[in-house]
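This document starts with one chain, in the form predicted alone, laid out as structure tokens.
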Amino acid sequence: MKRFHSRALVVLSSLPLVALGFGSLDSATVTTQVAAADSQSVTEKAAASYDAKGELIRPADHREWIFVGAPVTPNDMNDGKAAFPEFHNVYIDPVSFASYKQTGTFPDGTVILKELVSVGGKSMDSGNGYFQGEFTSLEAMVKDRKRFTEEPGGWAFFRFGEAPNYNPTGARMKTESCNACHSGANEDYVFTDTYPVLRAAKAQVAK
């Protein structure tokens, strides 16, 4: 969106402001109004929305979000008793990712989705390894320090049920069932050290 507006402003700057419908406004005012419209569009794209019961409405396009990684802790590397033996396909909503790249922090409204995928085959023509099987379930964590004042870090957790027929809304999960693990995360209850996409974004902020 920012890239589009920057190109648009180049074109706008070469046209009479009156012809563009801004009357006698100067270019600085036009730029401010365009920026305000951009900010409004970002707000409208906020990923987290809730029903009357406070359940998180499942986004229809989560596999088109920013994919940050797919950690896996398979059973055969954990004495057959891995707590989460599936692949974790993890996505973050684009608006929050854009903010994270600019600030290095997860803003309120951040939605991080985890879609669990079974471990399928362990060999391919390219060699042996762990390869993804089928989708199994979908969960989300949402940061909102005003809405979830009782949750550590303002993060609440939701579950959309089993694949392939995910529920339209996510039921709230108990704090202790999720934060017992996420409290050990290296950054704001998120395991950013296991996600190279987030590490790279954070490194850009440091520069």
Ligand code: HEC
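Worth saying up front: this structure is predicted, and the values here are computed from it rather than measured. When you see a residue number, it is the position in the sequence shown, counting from 1.
Not on display, but discussed next: the form predicted in complex with heme C.
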query: Just to confirm, Ser49 within 4.5 Å of heme C in the predicted bound form by heavy atoms?
result: no
- prompt: Taking heavy atoms only, is Thr149 within 4.5 angstroms of heme C in the predicted bound form?
  reply: no
- prompt: If you check in the predicted bound form, is Val95 within 4.5 Å of heme C, heavy atoms only?
  reply: no
query: His182 near heme C in the predicted bound form, any heavy atom under 4.5 Å?
result: yes
query: Where does heme C sit in the predicted bound form: which of 74-82, 95-103, 128-136, 108-116, heavy atoms within 4.5 Å?
result: 108-116
message: With heme C taken in the predicted bound form, which residues across 166-204 come within 4.5 angstroms through any non-hydrogen atom?
response: Met173, Ser177, Cys178, Cys181, His182, Tyr189, Val190, Phe191, Thr194, Tyr195
